[in-house]
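In the block that follows, a single chain appears as structure tokens, in the form predicted on its own.
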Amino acid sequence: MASETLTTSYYIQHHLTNLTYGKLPDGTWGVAQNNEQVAQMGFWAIHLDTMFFSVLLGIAFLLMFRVVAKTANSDVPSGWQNFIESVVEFVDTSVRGSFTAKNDLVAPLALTVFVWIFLMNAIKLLPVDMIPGLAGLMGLPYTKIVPTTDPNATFGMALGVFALMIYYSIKIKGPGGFGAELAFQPFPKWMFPVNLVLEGVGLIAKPVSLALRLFGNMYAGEIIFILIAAMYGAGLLLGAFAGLLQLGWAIFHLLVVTLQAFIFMTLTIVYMDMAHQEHH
């Protein structure tokens, strides 16, 4: 690289770029080898690393819980069984405290959202160069391992929750009742155009805020980890200081990782509860 600044800039940019598959400038389909190709791929490009790690962690979540369910022992439970039961009890308490209707889907949905997002957030605690370095040895130009730092993943999950919310709103209240909620609140019925705009904006804002909150917090945390890692190449003194910063930020980020998963789960439960409530 021409200068230290350029090297640091490239290092940060490289770690924030997804492994992207899409239509290349020559008209063929393949993996982008540089940022220019990534930018030219457009809407139909697929972030392979986001897909791979999110699916991998989803499978890991299912396998962990299945193994515990198959080997559960009420007489002498293992430490892992106790941990899993604590997680299930925690989620169950959250659902009972926020969801007032009856729907057998909500508790499993809340558990899936919480554990899956926690695992996707927690992978951030791995050294930032470890997996990208191994992927580079395999010939992959980019590897961004934290799915929740990709807005495609967070918006995908938020839109899934939003679709369920709309489905149950219409199922419980009927199309007329759902439409009346949008058109006849909070002002009198004759002001339905204003009501429709206000309620429509509020409805659309739910998945947007749900997705951006998770993405923003995780993306900012990832940038800080990358900046700390870049300090290791700036001399012995800054490298030692970076080690202390990395340890402190990792410990603090354990709270952020858990909190963001909890917030997404709680809002999912609240939105599902709102979908089941009929307003008169």
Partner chain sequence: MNINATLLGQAIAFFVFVWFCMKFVWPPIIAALEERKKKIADGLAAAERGKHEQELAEQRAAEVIAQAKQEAAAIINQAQKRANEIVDESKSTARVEGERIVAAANAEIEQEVNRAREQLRGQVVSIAVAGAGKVLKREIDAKAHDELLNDLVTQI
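Numbering follows the first chain given and starts at 1. Here, rigid core means the biggest group of C-alpha atoms that superpose within 1.5 Å across both forms. Computed from a predicted structure; not experimentally measured.
Keep in mind that the form predicted in complex with the partner chain is missing from the display, and what follows is about it.
Although the partner is absent from this view, residue 248 stays clear of the partner chain in the predicted bound form, with no non-hydrogen atom inside 4.5 angstroms. Within this chain, residue 152 lines the site of the partner chain in the predicted bound form, having a heavy atom no more than 4.5 Å away.
Remark: residue 97 does not count among the residues lining the partner chain in the predicted bound form, judged by a heavy atom distance of 4.5 Å or less. Contact check for residue 20: a heavy atom falls within 4.5 Å of the partner chain in the predicted bound form. For the candidate set 240, 220, 59, 255, a heavy atom within 4.5 Å of the partner chain in the predicted bound form is found for exactly one residue, namely 59. Though the partner chain is absent from this view, in the predicted bound form it lies within 4.5 Å of a heavy atom of just one residue from 128, 146, 111, 119, which is 111.
You can rule out all but one of 181-189, 199-207, 129-137, 71-79: in the predicted bound form, only 71-79 has residues with a heavy atom within 4.5 Å of the partner chain.
In sequence order, 46, 47, 50, 51, 54, 55, 58, 59, 61, 62 are the residues of 46-63 having a heavy atom within 4.5 Å of the partner chain in the predicted bound form; the partner itself is omitted from this view. Once the rigid core is overlaid between the shown form and the other one, residue 69 counts among the residues whose Cα shifts by 2 Å or more.
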